[in-house]
Ligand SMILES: Nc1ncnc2c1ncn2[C@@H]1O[C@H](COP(=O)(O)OP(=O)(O)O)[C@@H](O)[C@H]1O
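Read the single chain below, which is given as C-alpha cells and is the form predicted on its own.
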Amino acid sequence: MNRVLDNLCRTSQVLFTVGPGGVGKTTLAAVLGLQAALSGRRTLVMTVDPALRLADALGLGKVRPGRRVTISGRRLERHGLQLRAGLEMVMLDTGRSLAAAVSRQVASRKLQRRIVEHPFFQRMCEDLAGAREYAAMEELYHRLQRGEHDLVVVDTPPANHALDFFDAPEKVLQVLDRRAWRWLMRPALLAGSVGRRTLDFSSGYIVRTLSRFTGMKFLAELASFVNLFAGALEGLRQRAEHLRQIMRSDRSAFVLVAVPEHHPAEQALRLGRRLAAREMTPRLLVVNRCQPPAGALPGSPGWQEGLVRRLVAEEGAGEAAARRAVVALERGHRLQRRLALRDRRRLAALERQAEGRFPLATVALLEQDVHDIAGLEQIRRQLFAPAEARSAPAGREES
C-alpha cells in the first residue's frame, strides 16, 4: 500500500492530478475518487480536460458535460467493492459554469440575463484563453463552499496547460477589469449611466489601432460587456483569491503523473518544480505503465521439448507450429526482461532527479485500456491494497 497516497485520499479536501498529456491523469483521478469513496468520504471527481475521458474511464459511456452523475453502488458491488460514501463525477461545461458564477454574484435577474445573453459572453465561453480554466476554478470553489463533498478530485489539463489552469482566475479577471479598459480607451469612453456606456471610436489612437485588428463591432461588444460585468468583478476576484489560498494550504494536494519515458518524465519534473515555486509542491509522483518483471521460465533442462509435446498432445498443434510457439515464448520473455530492466533504470534516474522533493509510486503496465470499474480496480489494488493481497496486473491502463 502506498501510505502517502492513502493518507491524501483520507485527509485532503482537494486533490489535483497534474502531468503531461496521455500519461493517465484521468484514470488516476478516477482511481483516487474510488479509493476515497470506499474509505467513507463523499467524493466528486471533476475533469477539466476537454477530451472528456473521465466518463469512459468510469465505464459510463456518453455523459453530457455539466451533468453530475452518481456512480451506482450496484455497479461496484459486481466487482466485489462496497461504497461507504457517495461517488460522483462531473465533466466541465464552460458556459454553464460561467453563467452560474454570474448568477451567484449579480443579484438582478435582468442584469444576469443581459450578461449571459451578451454576444461577448458567448465569445468568452468559446474563445477567450483561460475561460475554460477559470470556469473550472469557479466550479471547484462553488463545490467546496456547498460542502456536499469531503473530497473533490480534479483532473487537470495536460502539463503545457496546467499552469494556465492555476493562473487562469487572475488572467481572466485582468481581461475583464473595467479600470484597465477605461484607461486604455479613455479618449473613446463617453460618460453615461452605469452599464450603458457607449464607445466613440472616432478618437483615441489605441482604440483606432485595435479596431484594425479586431473590428469595431468586437471592441464595442467587449467594452459594453466589461461595463455590464463590472458589478460582479470584485466578488469574483475575492473568490479567486480565496481559492488560491486553499490551493496553497494543507487542504489541497497535488499528485504528479508520468510514464517511464524520458520526455514525459522531464515534463512532469519540470511542472513539479514550477508548482513548488507557486507554493503548491506535489506530494507524490505516480509513474504509470511500468513494465512488470518477467515471470521465471521453467528451470528444468529440456522443458522446451516437453512443452512442444504437450502442445501437440493437448492442443492438437502440429509439431512445427508448436516449436515456433516455444521459440516465440522465449523471445517474448527476453524482450519483457529487457523492457523491465529499462524501466527500472528510468525509475532510478527519476528518483535521483526528484532529489527527495516527492516520493515515487508505480503502476504496472496492463494489457487492456481502462474503460470500466474492473480496470480501475486493478490499478487501485496496485496502489492501495496490502502487498500480500495484490494480484498480478492483468490489463493496460490508458487515459
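The first residue of the sequence shown is number 1, and the count goes up from there. Bear in mind the structure is a predicted one, so any value in this text is a computation, not a measurement.
The protein also exists as the form predicted together with this ligand; that form is not presented, and the subsequent description refers to it.
Student: Check R289 for me: does it contact this ligand in the predicted bound form (non-hydrogen atoms, 4.5 angstroms)?
Tutor: The answer is yes: R289 has a heavy atom within 4.5 Å of this ligand.
Student: Looking in the predicted bound form, any heavy atom of L34 within 4.5 Å of this ligand?
Tutor: The answer is no: L34 has no heavy atom within 4.5 Å of this ligand.
Student: Find out whether any non-hydrogen atom of E351 is located within 4.5 angstroms of this ligand in the predicted bound form, and reply yes or no.
Tutor: No - in the predicted bound form, heavy atoms of E351 and this ligand never come within 4.5 Å of each other.
Student: May I ask you to check whether Q336 falls inside a 4.5 Å heavy atom distance of this ligand in the predicted bound form?
Tutor: Outside the cut-off, so no.
Student: May I ask whether T11, R244 and P282 each come within 4.5 Å of this ligand in the predicted bound form, counting any non-hydrogen atom?
Tutor: No, because T11, R244 and P282 lack any heavy atom that approaches this ligand to within 4.5 Å in the predicted bound form.
Student: Looking at heavy atoms inside 4.5 Å, which stretch does this ligand contact in the predicted bound form, given the options 61 to 69, 338 to 346, 38 to 46, 367 to 375?
Tutor: Going through the listed ranges, the match is 367 to 375.
Student: Select from 5 to 38 the residues with a non-hydrogen atom within 4.5 Å of this ligand in the predicted bound form and write them out in sequence order.
Tutor: Those in contact are P20, G21, G22, V23, G24, K25, T26, T27.
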